[in-house]
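Only one chain comes next, encoded as structure tokens, the form predicted on its own.
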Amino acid sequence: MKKRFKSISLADQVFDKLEDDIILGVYPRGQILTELGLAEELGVSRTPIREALRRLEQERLIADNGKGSVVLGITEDDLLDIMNIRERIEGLAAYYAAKNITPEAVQELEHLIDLQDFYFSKHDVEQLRYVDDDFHDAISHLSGRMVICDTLIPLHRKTRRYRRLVMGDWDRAAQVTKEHRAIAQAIAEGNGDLAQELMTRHIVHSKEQLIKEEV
């Protein structure tokens, strides 16, 4: 799990790279990005750069200022809005995942919990963050509700930087692993109401921690 290989286009790879770098603060708010500069930096042609910048502008992570693309990034207000949205709808994803549960889905969740426990035992913060991504994305997909899925997954990506900080707090990381395990169990048992309650509570706790990290 140290490396994640994807069969995706060059434009997608460039987009993922730039999105990560903006969200993680490699490119700070206010920095100007240009096609030529990024093409030279990443060693690719300007065509995938142009496509990636177009998508980043649609995500409102950058804006065209006439001289290039100015980085907007994720502000504290953005973070609060994202977590408020997640608080209101991520519980629904868990509810529907429980209602749609299959033996294959149970195995998928059990695998993610096993990975989580393994990396927690190794104090591997980076891999715990990856498993946290996978856990929440998996529940969104298992909900079978595409509107919910299409809403939540981009929001998960946009909080990567802040969740990395949270996972660095080992007391909170321990609580996250415990909460994930309880959510997975409720979903596996088909208990939609409990899964929704536990997920909503989990997001509230995460929001409180994320906001505290930003203060």
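The first residue of the shown sequence is 1; numbering continues from there. Remember, predicted model here, so these are calculated numbers, not experimental data.
Below, we refer to the form predicted in complex with another copy of the chain, which is not included among the displayed structures.
Considering non-hydrogen atoms and a 4.5 Å limit, which listed residue (148, 173, 44, 188) is close to another copy of the chain in the predicted complex? Partner contact (heavy atom, 4.5 Å) among the options: 148.
Tell me, which of 89, 113, 106, 125 has a heavy atom within 4.5 angstroms of another copy of the chain in the predicted complex? Checking each option against another copy of the chain in the predicted complex, the one that comes within 4.5 Å is 89.
Site test, 51, 54 and 59 vs another copy of the chain in the predicted complex, non-hydrogen atom cutoff 4.5 Å: Yes: 51, 54 and 59 each sit within 4.5 Å of another copy of the chain in the predicted complex.
Is residue 81 close enough to touch another copy of the chain in the predicted complex, meaning at least one heavy atom pair within 4.5 Å? Yes.
Does residue 206 make contact with another copy of the chain in the predicted complex, using a 4.5 Å heavy atom cut-off? Heavy-atom contact with another copy of the chain at 4.5 Å: absent for residue 206.
Is residue 155 close enough to touch another copy of the chain in the predicted complex, meaning at least one heavy atom pair within 4.5 Å? Output for residue 155 is yes: heavy atoms within 4.5 Å of another copy of the chain.
Given that another copy of the chain is not shown alongside this chain, does residue 135 nevertheless sit within 4.5 Å of it in the predicted complex, heavy atom to heavy atom? Contact check for residue 135: no, nothing within 4.5 Å of another copy of the chain in the predicted complex.
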